[in-house]
Ligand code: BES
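In structure tokens, one chain follows: the form predicted alone.
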Amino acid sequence: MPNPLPIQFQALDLDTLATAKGRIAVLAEPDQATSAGVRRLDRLTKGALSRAIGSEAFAKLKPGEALDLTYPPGIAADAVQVIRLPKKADQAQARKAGAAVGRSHGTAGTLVLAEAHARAADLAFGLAMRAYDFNTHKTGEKTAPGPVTMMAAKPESVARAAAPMAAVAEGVFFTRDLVNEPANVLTTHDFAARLAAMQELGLDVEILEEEELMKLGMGALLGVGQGSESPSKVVVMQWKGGKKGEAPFALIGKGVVFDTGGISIKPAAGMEEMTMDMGGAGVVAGVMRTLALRKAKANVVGLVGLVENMPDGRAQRPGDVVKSMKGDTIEVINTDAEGRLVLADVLWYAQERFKPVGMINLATLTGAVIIALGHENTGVFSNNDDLCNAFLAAAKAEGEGAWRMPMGEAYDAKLKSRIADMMNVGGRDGGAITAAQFLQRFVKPDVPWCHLDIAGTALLKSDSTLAPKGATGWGVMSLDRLIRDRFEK
């Protein structure tokens, strides 16, 4: 598993600038006085650095963007990366600047002159996040990235501030790895095993197998996976860092390791991306890993339903009626609307067993949310303004796009079934909303709840600020922030 790029924090030693190998990254702003490190580099490069900072090209850059001076004279480094970053930069600008370094980091190593910048820890976080590379299945010689050294005026202070961010980065990487894995590798067995291995971090992990799920009455979840050779499972991860006996906050994730659509089979074009249909479970796993790594002072339980939706002689059919753990019956109109069936049973189990103070579920649930919000925002649905607003504030603080969507009885009426208590779909119009209405039927009225539809944000076909194309790990940062702000103060 790729881990976040380790960064060494050191005191300023400007005498090493002439001999440093690889790349050197410096921070500057056209209308601000340059730092001691930049001035020393400028003298070494015979004025090349000051000419770059004073250029029209540099002035056109936005905060966090960079230009390169390749093979500058007077120093051993192959390049000096000049990043535009004001001294009073905000968090997003500093992380973007770090990402610019991480994007271009190579095998020869990088020296970052953060000096006395107040956002040095955020700079390091952005660097680590963007340096991610999923190359597990590529053959041939693999080159390891070179070392990263960040020189700061107060390195111990920066290292302390960066430590909890490093735990978040590792959680994000864990999520990205899970979402990027092909389905022949990340089976329900393998997924559960990777989660069980987190017991070494202090998590309590249980794996509920099909026999126990049958006893619990999880007919909705089991119906989804009955056409697969991979057995369905529910994995429960508990982090008990808060007061003993205090009810936990619950995170619930959809973990469909591959989704063909079942008998309502999807078109072939693009189906290879359905390896990411376990993205909700991946985010829950990443958050739980982060909480354990940073020893969070909160009680949190993460539950994921792991299934595979395959067409088979035993597979669930359109028109079948299944009975949920709650006891409600569901007419399956479309077997490709399977994630809500998985979540229905896991949501109910979480409430019955743990009596949580609140719940958030995540799922790559609908294509409709992508039509509504594109790939910029996750759709947020909730029965509780306080919890919803707290989550939206956390997402805004972490720079992860999220937008609240409406709910209401008019949408709920679309789920009425002729032969069962409800249908699993309500038609094409308002599809993301009717999916949320379906889930709300399995949430007790007194339990604060949010549903996050991450279909548009879990996997991107182009680079984003903090991630290369592919799995983003969206949600790990926001949920960790929510737990810190809401349950650890």
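Sequential numbering from 1, following the sequence displayed. These numbers come from a predicted model, not from an experiment.
In what follows, reference is made to the form predicted in complex with this ligand, a form of this protein that is not presented.
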(message) Looking at L61, V425, A48, V443 here, can you tell me which has any non-hydrogen atom within 4.5 angstroms of this ligand in the predicted complex?
(response) V425
(message) Can you work out which of M214, I370, I207, A397 has a heavy atom no more than 4.5 Å from this ligand in the predicted complex?
(response) I370
(message) With a cut-off of 4.5 Å between heavy atoms, is S417 one of the residues that contacts this ligand in the predicted complex?
(response) no
(message) Just checking whether D336 would be counted as a contact of this ligand in the predicted complex - the rule being heavy atoms within 4.5 angstroms.
(response) yes
(message) Taking this ligand as it sits in the predicted complex, is M274 in contact with it (heavy atom to heavy atom, 4.5 Å or less)?
(response) yes
(message) At 4.5 Å between heavy atoms, is L365 in contact with this ligand in the predicted complex?
(response) yes
(request) Determine which one of 111 to 119, 299 to 307, 338 to 346, 170 to 178 lies within 4.5 Å of this ligand in the predicted complex, judging by heavy atom distances; exactly one does. (result) 338 to 346
(message) With the partner left out here, which residues of 248 to 266 have a non-hydrogen atom within 4.5 Å of this ligand in the predicted complex?
(response) K254, D259, K266
